[in-house]
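A single chain, nothing else alongside it, follows as structure tokens in the form predicted alone.
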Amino acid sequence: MSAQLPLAFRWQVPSQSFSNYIAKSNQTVYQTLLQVLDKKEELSMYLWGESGTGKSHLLQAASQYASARNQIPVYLPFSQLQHISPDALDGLETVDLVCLDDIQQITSSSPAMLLEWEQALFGLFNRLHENQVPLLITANTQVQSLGLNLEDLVSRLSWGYSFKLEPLPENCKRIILQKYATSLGLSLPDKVADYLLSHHPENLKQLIIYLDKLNYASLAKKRRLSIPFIREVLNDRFSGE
């Protein structure tokens, strides 16, 4: 079985892997994550931090790492919560790795639905722990600040490792953008990358999405990436900024 995603989910960024992850100040996080995947340490890991710090990258890279070892990973992006129900967690204790991305999204649910999610997550955690299945979770804040009501779930989520991911320096963000552009067959000159970063320096994930859009436009119009071309394609997003 080689499927990594339940339902209709696909990788947000197919090229995100450990080989193109730039650890820098998050080196300890990266090394510990590898130990969790190899079941040498605790089997649960909670990663938190602001958008663009590489949380989704690490979870998708971990899923690809497991898949390459003929294991069955499941990656659930809670940013698509409208497409997921608590039932999606049923039976996940039978796979080899579970990655839950952006779980803070459940706190925007109605009180009744939040309770269902909390109970489902609590049950999943216990089943994974019993079956020795690694669990990786990301959120935008630490466990105690998520706004969860089920104290037993807060306790479970605090059992394993918890790390705050630190933002990358600007020069590293440029490298990431250029590496991703290269994976798409694009050339992203320094000046063009800096132009993108000047508009959304705080949101690397959004810039990756923009690069996907620019890639399609570049292929369709047979044009290389330049600042005028970016303004043309992303005019509705960058105009007036």
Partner chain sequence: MTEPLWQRCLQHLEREIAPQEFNTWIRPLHMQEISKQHIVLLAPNRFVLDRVQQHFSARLIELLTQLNHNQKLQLQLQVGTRRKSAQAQPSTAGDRAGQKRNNIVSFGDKLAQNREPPTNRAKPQRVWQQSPLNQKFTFQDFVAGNANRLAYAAAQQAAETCDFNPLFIYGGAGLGKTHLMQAVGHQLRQTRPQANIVYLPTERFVSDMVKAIQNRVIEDFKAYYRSVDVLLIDDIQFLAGKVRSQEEFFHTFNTLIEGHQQVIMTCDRAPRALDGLEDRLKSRLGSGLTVTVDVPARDTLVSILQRKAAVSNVKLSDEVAEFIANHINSNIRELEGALHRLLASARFMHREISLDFSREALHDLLAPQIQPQYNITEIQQQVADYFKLSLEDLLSKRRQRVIVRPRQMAISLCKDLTEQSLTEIGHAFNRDRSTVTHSYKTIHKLVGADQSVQQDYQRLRTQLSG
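The structure presented is a predicted model; accordingly, all values stated were derived computationally and were not measured. Numbering follows the first chain given and starts at 1.
The same protein also has a form predicted in complex with its partner chain, omitted here; what follows describes it.
Asks: Can residue 91 be called a contact residue for its partner chain in the predicted complex at 4.5 Å between heavy atoms?
Replies: Residue 91 belongs to the contact set for its partner chain.
Asks: Using 4.5 Å between non-hydrogen atoms, is residue 167 touching its partner chain in the predicted complex?
Replies: Outside the cut-off, so no.
Asks: Taking heavy atoms and a 4.5 Å cut-off, does residue 81 contact its partner chain in the predicted complex?
Replies: Taking the distances in the predicted complex, the answer for residue 81 is yes, it comes within 4.5 Å of its partner chain.
Asks: Consider residue 162 of the chain shown here, and say whether it contacts its partner chain in the predicted complex, taking contact as heavy atoms within 4.5 Å.
Replies: The answer is yes: residue 162 has a heavy atom within 4.5 Å of its partner chain.
Asks: May I ask whether 35, 130 and 151 each come within 4.5 Å of its partner chain in the predicted complex, counting any non-hydrogen atom?
Replies: Heavy-atom distance to its partner chain in the predicted complex: all three under 4.5 Å.
Asks: Given a 4.5 Å distance limit between heavy atoms, list every residue of 57 to 78 close to its partner chain in the predicted complex, or none if there are none.
Replies: Contacting residues: 60, 63, 64, 67, 70, 71, 72, 73, 74, 75, 76, 77.
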